[in-house]
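Coming up is one lone chain in structure tokens, specifically the form predicted alone.
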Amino acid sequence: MMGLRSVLRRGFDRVERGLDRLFGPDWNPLANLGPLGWFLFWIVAGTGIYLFIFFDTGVVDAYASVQWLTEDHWFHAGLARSLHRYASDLMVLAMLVHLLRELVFDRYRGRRWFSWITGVPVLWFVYLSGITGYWLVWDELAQYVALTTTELLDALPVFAEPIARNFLTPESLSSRFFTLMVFLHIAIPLLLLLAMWIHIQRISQARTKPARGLAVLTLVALVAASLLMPATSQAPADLATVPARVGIDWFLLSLYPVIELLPAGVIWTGVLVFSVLLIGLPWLPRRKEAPAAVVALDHCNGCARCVADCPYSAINLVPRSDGAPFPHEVEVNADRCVACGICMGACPSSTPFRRSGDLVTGIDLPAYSLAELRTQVIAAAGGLSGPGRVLTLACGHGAGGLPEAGRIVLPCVAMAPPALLDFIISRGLADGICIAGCAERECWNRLGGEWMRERVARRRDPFLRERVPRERLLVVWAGPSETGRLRRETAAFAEQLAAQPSYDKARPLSQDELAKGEATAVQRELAE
């Protein structure tokens, strides 16, 4: 299983690299499947509300009203119908690829189980919404869907009378049934919206909007498809006859030919087994999780930087409990913490310069503490030699995921506090640092890459100090299939460093450092 997942992961990464070149990292469709799903939902909802204005729920009038809006008013209502159809299909495709991608990248097990489990109802609500929508058109395809679905439902011991008998003859079907279908086609999407909202509740700063350019491009593509291949109805439904052949929407109705071939009991058993399997996947097998982050109150003033930076809403501010003169302290929800270490990188007390006493920070990882990280940095730096010594801090989910000489593998590059970069350069442990994160299009830990970029650019607290020369930092965002590129860029960086004069630790302090009142602290650290 792990071997197959590794192959698929590299396959996804290679495809996404091509899409990066075509669209750019921010617009990459495969890195925006969740936000695209939300965007497509709103297109479907908006066009559905507009179409309802023109729709008639009568048995005969339903088909006639759809034909009227499709043919006589094709330039607005007909366009809305096609948008409704194609956005629905694209939403199904985005949902299924998103599910497969999260499975391949192993972002569904352990403490990330909640989003996966709550995604299962989303899956079924999307399909139910689409199926009820096809009934409303009341053409031959709708007749086929209605008969097949009601016969399948009648196999359940739920209904007092068989539903399928409503479709035996033209006289047996009443307009009230279409009123019921309209109600279901409105109620199910509302339940879908609720399920989508629950789906993102354990995700901090969840993205529900794609980049504006990607959204515009998607909408333009849907409008173009709607104009070039407008959605049309098949022949009107006739309960006195059985349709000999119907065209299938393979996105939403792909299982219907299978339903025809197999007994209803087999179908329902398959649906149940498939749903249980989906729900149980996070525990098949169960991931061995690293211990959650822990808080050291003696070093925590409740500044809330870790709260703001946690991608999983696993850290909260609570009233102070130790009598310290601060209003708050932070508390870690161990059930949500994935031990990415981003909180440790965000803590202002995470400084490796400390030499007296134990190296303790306000929030730390028990299995990979700041003290252990500093020890590994010093040991790895000791193995570097020659001009252009480069120490690499690599994300375990990117191109630098395998340990090598001079490379330290982290759960996330944002685990490394900016003070650690300062420590490496100012102590002369290396001539330069390579920060090797995962692919720029999407961080495995959601926000780690973004936070690291902003810290290094001195736009997010804790800031990288001005005294750290930016030319001695190399930042590489590379997915698991780009190990060659990482090696080439690191080698070129080492050659560049070798041609530069050595970093002068005794240089005068900058005006920025003096203005920020850091002079005393910096001088003390340099003297140690």
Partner chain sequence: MKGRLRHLILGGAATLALSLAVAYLSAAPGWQSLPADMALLRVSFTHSGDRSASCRERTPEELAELPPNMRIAKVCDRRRPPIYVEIEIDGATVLAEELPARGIAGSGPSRIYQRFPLPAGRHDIAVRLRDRPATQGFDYVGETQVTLVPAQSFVIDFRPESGGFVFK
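Treat the numbers as computed from the prediction; the structure is a model and nothing was measured. Residue numbers count along the first chain shown, from 1.
One more form of this protein exists, namely the form predicted in complex with its partner chain; it is left out here, but the text below deals with it.
S.K.: Given the stretches 124-132, 86-94, 198-206, 393-401, which is the single one in contact with its partner chain in the predicted complex, using a heavy atom cutoff of 4.5 Å?
M.R.: Result for this chain: 86-94.
S.K.: Quick check on this chain: which one of Ala381, Ala164, Leu278, Ala292 has a heavy atom within 4.5 Å of its partner chain in the predicted complex?
M.R.: That would be Ala164.
S.K.: Using heavy atoms only and a 4.5 Å cut-off, determine which of Pro285, Gly247, Pro263, Pro327 is in contact with its partner chain in the predicted complex.
M.R.: Partner contact (heavy atom, 4.5 Å) among the options: Gly247.
S.K.: Check for me: heavy atom within 4.5 Å of its partner chain in the predicted complex, for each of Val60, Asp72 and Asp335, yes or no.
M.R.: No.
S.K.: Is Asp358 close enough to its partner chain in the predicted complex to count, meaning some heavy atom within 4.5 Å?
M.R.: Residue-level check for Asp358: no, no contact with its partner chain.
S.K.: Going by a heavy atom distance of 4.5 Å, is Phe177 a contact of its partner chain in the predicted complex?
M.R.: Output for Phe177 is no: heavy atoms all beyond 4.5 Å of its partner chain.
S.K.: Test of understanding: in the predicted complex, would Asp26 fall inside 4.5 Å of its partner chain by heavy atoms?
M.R.: Close contact exists here: in the predicted complex, Asp26 approaches its partner chain to within 4.5 Å, heavy atoms only.
S.K.: How about Trp113: is it within 4.5 Å of its partner chain in the predicted complex, going by heavy atoms?
M.R.: No, Trp113 stays farther than 4.5 Å from its partner chain in the predicted complex.
S.K.: For the stretch 197-227, which residues lie within 4.5 Å of its partner chain in the predicted complex by non-hydrogen atom distance?
M.R.: Leu217, Thr218, Ala221, Leu222, Ala224, Ala225 sit within 4.5 Å of the partner.
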